[in-house]
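The data below hold one chain only, encoded as structure tokens and taken in the form predicted alone.
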């Protein structure tokens, strides 16, 4: 079978392109094919070509072009993942890199092949539009959306509505800077909504109506800021007009004279929350809301496409999980870390870690993608998710099938039992790939993981998120890591600053810098000293962040710098 003509379409419980979507994407591919041809024959200079390629997700990195492919709100079908594997084999070096924006990046495509890649993506209802440039980027969401047991409402229909509204929006294609939106529908935030330009949290008001808490002005990068609530409760029908109002205020008043101060977080900070809120509300009230608001029937149509599969109501009857865990210690470790509770009785959610010891965080080979596609077809209703932690989720697994799934994952090198532990490290590509980076990230992550490769030690330490960025743009989210690591260049030498106490959840916090940076070779020892302080001062059952909040930064600083 030709991989360019997939054997089936998307899973029935995820958004499907309509005729407009399909035509829109195909026309963009055709346009870009012509633009690439003109670049290759010299009719377009690189300067002229740059804005055209960026509108199609194509970057020029240190060694080659890089193509960033959108995975809206992190939801993938098995067919789509198989196609991503095909693209990795045919047009790249046999792997892809999953990012903190729930996207996938190909690091080695040839320019002449990019239109063919985009056509292959269109065959499975995918694209690379608005994955770069000063526009509204890929809308992200909770990777447990639709299946989490703490969920108020599936956030993906809202995210899809926003995707449709923002795609090629004529007013918002050339914003002061890029703009990122995240949506969460659960009691616990797994989408880091408070560090996005707009964070939307689905909530219920006092009379049981479902709407949105709207958070504005979060972001990381050179100036990390936590977003502010601008609306405690926004009725569902007002979501597009209200976002339109925010975007108009930002587009009108956001700074364009200094790209480092052009994000909406700076506008909120410099203008003041109350004045920004008043400006947004005034703009919102001046709009012809009826012309912008979505048709309720359209949202119903979208939501229907996210209806969960029909679950086996007898699934729990066959569950012998505890017996399997007792019989196989290795599976026991996996079950304790990588399996989460599901809202349907007899089902579980599996996190497939893309953080093997010594591996590159977020990378998956084409062979592994095909295995995951097959596992999803057999055990997860043909659906997968990408998390902003750079892992892959199997959202619909019968608890009675967990052991079989684990065996299949283990055979493919995908059963690392470290989800949420010290070796489940988020890391940007760093100076190995990125033209903006000032230091390496991947080797630092690999060295730390090797230092803590003992499964027993990892589980003794417990939940502890390490996040690494290779420059101040913070693509590795280091500011909100329980331990954050920022690589910088100092007099031609890589230096790594360490922060502590970052938190990406609803209790969002920006980590505090502990002191001067460390040489690359000294980073694993520094992390070990921080862990030793935690282990020597924790109380029974106390997690790392709980200990940090109780004892503060001083003991950790003393451990790192007392001998200096």
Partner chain sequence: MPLINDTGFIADSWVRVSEESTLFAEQIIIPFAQFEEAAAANIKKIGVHVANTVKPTELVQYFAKLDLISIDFPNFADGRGLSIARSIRKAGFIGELRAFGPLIADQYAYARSCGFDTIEVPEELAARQPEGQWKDAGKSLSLSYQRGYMHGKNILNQRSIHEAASRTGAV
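Note that the rigid core is defined as the largest set of C-alphas that superpose within 1.5 Å between two forms. Numbering follows the first chain given and starts at 1. Keep in mind that this is a model prediction, so the values were computed, not measured.
If you look for the form predicted in complex with the partner chain, you will not find it shown, but the lines that follow are about it.
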(request) Give a yes/no on whether residue 542 approaches the partner chain to within 4.5 Å in the predicted bound form, heavy atoms considered. (result) no
(message) Please determine whether residue 27 contacts the partner chain in the predicted bound form, using a 4.5 Å cut-off between heavy atoms.
(response) yes
(request) Check whether residue 370 has any heavy atom within 4.5 Å of a heavy atom of the partner chain in the predicted bound form, and answer yes or no. (result) no
(request) Report whether the minimum heavy atom distance between residue 260 and the partner chain in the predicted bound form is within 4.5 Å. (result) no
(message) The chain here is shown without the partner chain. Which stretch in 46-54, 523-531, 66-74, 509-517 comes within 4.5 angstroms of it in the predicted bound form, by heavy atom distance?
(response) 46-54
(request) Taking 4.5 Å between heavy atoms as the contact cutoff, choose which of 337, 167, 132, 324 touches the partner chain in the predicted bound form. (result) 167
(message) Just to confirm, with a 4.5 Å cut-off on non-hydrogen atoms, which of 122, 79, 408, 287 contacts the partner chain in the predicted bound form?
(response) 287
(request) Quick one: name the residues from 291-305 with any non-hydrogen atom within 4.5 angstroms of the partner chain in the predicted bound form. (result) 291, 292, 293, 294, 295, 297, 298, 301
(request) Once the core is aligned, please say if the CA of residue 49 is shifted by at least 2 angstroms between this form and the one not shown. (result) yes
